[in-house]
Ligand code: ADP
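Take a look at this single chain, the form predicted on its own, given in C-alpha cells.
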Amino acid sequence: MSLTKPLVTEALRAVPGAAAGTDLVSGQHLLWVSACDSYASIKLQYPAPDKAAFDAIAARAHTAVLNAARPLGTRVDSFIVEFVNEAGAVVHTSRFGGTTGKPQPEAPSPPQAGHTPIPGLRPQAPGLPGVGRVIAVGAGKGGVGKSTVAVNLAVGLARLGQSVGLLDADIYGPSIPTMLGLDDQEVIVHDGLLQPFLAHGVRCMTMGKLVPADKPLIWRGPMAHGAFKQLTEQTRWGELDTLVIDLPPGTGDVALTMAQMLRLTGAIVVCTPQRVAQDDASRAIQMFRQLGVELLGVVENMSTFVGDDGKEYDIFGRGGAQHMAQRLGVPFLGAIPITMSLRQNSDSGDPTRNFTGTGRAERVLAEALAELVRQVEAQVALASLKHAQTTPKLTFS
C-alpha cells in the first residue's frame, strides 16, 4: 500500500498543536500535503523560536506518519516538512530518509517520488532573492501558442532594457530550447546551483536541457511538483526585474505548486479565437481567480494570418478571445497574428527577428508584439499599485 494524503493527514492528528487541546490538523497548522508511493511532503505554519524547535516538531510528525504506516506495511522512504511564515515563504525545511528519526536539513533527497534531483545541486535560500516581478503565462489547452507568447514577451521586455528571466515550467513538453536556440549551450552547475542559459538578452532555465531531448517524462503530478520546485529554487537567477513563467497547459499540478510557492505579480492567459479554445481559457481564468492570482489579461494568439503581401485572413475567427475577455471582465492585452516569419524564427531559435523584420507581414507582427509588451507593462503597474507593492521615488537634481 502506498502513502496517501488521508493517511498522512490522519496521522498528524497525533501531533500536538501550539494551542492546548489541538493538533497539527485541528490547530490549522497543516497547510498542504503531498503523498505518492513511499514519499510524502507536508507544509506547516507553526510558531517556533529556532531551527531546533522546528526540527523537533518535524520529528514528531515523522514519527506519527511512521506509526500510522507501519501496521499497513507501507514504506516511508522520504518525508519532508516545510515550515512557512504568514506570507507563505519557506523559513525552514526538515528532511527524513527511510526510518531514521534524525532530521537531515541539508540532504538533497527528492521532494517527490520519481523525481531525481540533478547531482551537485543544493537548495537555495527560501523565496527568489533578487527577483522583482513574477508573471505567469498559462492557457486552458495546448496548441494555442502559450510558449510563443511567453518567449516573445520575455524578449520584448529585455529589449526595453529590463533584466529578464524565463522559466520553462512546461515540464512534459518544453519548447524553450528550440525557440531560444539553446542546442549548443551546456548545463552548468556552480556552487551547487544551476546557472541559467543566456539567449537573446534573457536568462532562462528549462527541463528540456536537463534530460535527453527524446526522453519522455512519464511522471505523476507530485513528480512534476518536485521538478518545478527544483527549477525555481535551485537556479541562480541573480537580479531580475521580471521573471516570466511558461506554464504547462491546463489547470493541473504545476500551476497549483507555483501559486503556493511564489508571490505572483499576475497571470496572462493565452487563447485562440475559436470557441473551443475560449471554453478552456475560461477555466484557466477561473483557476487563477480561485488561487488569488491577479489576472493581467488575455492574449488572442493566431488572431489572423498575415501573408507576405500584408493581406490578413481571419482563419480562426478574429476577435473571439477579446469578446471572452470582455465578458469575463479581464483586460485584453492584444492580438498576435501568425505569419510565416514567426514560424520560421521560432523554429530557428531567433525570436529577436520577430521585432526587427522589415517586410509587410513582419512589420505587422513586430507592432503587435510591441503593443503586447506595452499593455503588459501597463497592467503590471496597475497590479502593483493595487497591491501597494510600489512606493513613489523622488529624484532631486
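What you see is a predicted model, and the numbers here were worked out from it, not measured in a lab. Heads up: residue numbers just count along the shown sequence, starting at 1.
FYI, the form predicted together with the ligand isn't displayed, but the following is about it.
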query	finding
In the predicted bound form, residue 339 touching the ligand (heavy atom, 4.5 Å)	yes
Contact flag, residue 367 vs the ligand in the predicted bound form, heavy atom cut 4.5 Å	no
Contact flag, residue 226 vs the ligand in the predicted bound form, heavy atom cut 4.5 Å	no
Contact test in the predicted bound form: residue 200 vs the ligand, heavy atoms, 4.5 Å	no
Listed residue (269, 167, 321, 179) with a non-hydrogen atom within 4.5 angstroms of the ligand in the predicted bound form	179
Interface residue in the predicted bound form among 258, 171, 157, 144, criterion: non-hydrogen atom within 4.5 angstroms of the ligand	144
Region of this chain that lies against the ligand in the predicted bound form, out of 329-337, 26-34, 45-53, 349-357 [heavy atom, 4.5 Å]	329-337
Partner contacts for 298-321, taking the ligand in the predicted bound form and a 4.5 Å heavy atom cut-off	301, 302
